[in-house]
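In structure tokens, the next block holds one chain alone, the form predicted on its own.
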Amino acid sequence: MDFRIINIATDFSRYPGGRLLTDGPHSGERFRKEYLLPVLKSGQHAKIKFDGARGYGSSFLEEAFGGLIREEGFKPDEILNTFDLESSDESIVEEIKEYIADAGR
């Protein structure tokens, strides 16, 4: 199985924020489209590392992960089976799982 590692702080931005592309260059929409979507479309799996960034706004996380369901048509299981979410702050992982579940309802 093909496996990637995406370290948000080093691969995307130490300052992720905003929901939409119009909110700035480090938005959840851009992260979804440029990092998450290619993994899902390729059938790969990826570990996403959240440590090292200067915090995550709810709008960034919801747009990136909830948007995979709402905007891209994926199912919650597909997302949870594709991405291994890793953070020393377990509340980030739990928050993302809630956004995925909410978007799937």
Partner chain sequence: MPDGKDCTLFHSIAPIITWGMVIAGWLVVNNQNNFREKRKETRAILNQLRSDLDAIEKQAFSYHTAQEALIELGRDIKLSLSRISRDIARHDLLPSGKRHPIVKLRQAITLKNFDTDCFLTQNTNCELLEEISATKDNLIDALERHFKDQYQK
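Numbering follows the first chain given and starts at 1. Since we're looking at a predicted model, the values are computed, not measured.
One more form of this protein should be noted, the form predicted together with the partner chain, which is absent from this view; the next part is about it.
Chemist: If we define contact as a non-hydrogen atom of the residue within 4.5 angstroms of the partner, is residue 51 a contact of the partner chain in the model of the complex?
Modeler: Flag for residue 51 set to yes.
Chemist: Find out whether any non-hydrogen atom of residue 38 is located within 4.5 angstroms of the partner chain in the model of the complex, and reply yes or no.
Modeler: Outside the cut-off, so no.
Chemist: Is residue 84 part of the interface with the partner chain in the model of the complex - any heavy atom within 4.5 Å?
Modeler: Residue-level check for residue 84: no, no contact with the partner chain.
Chemist: Answer for residue 11 alone: is it within 4.5 Å of the partner chain in the model of the complex, judged on heavy atom distances?
Modeler: Outside the cut-off, so no.
Chemist: Taking 19, 62 and 89 together, does each of them reach the partner chain in the model of the complex with some heavy atom inside 4.5 Å?
Modeler: Judged in the model of the complex, 19, 62 and 89 all sit within 4.5 Å of the partner chain.
Chemist: Within 4.5 Å of the partner chain in the model of the complex, counting any non-hydrogen atom, which residues from 41 to 58 show up?
Modeler: The stretch 41 to 58, when checked against the partner chain in the model of the complex, contributes 51, 54, 55, 56, 57, 58 at the 4.5 Å heavy-atom cut-off.
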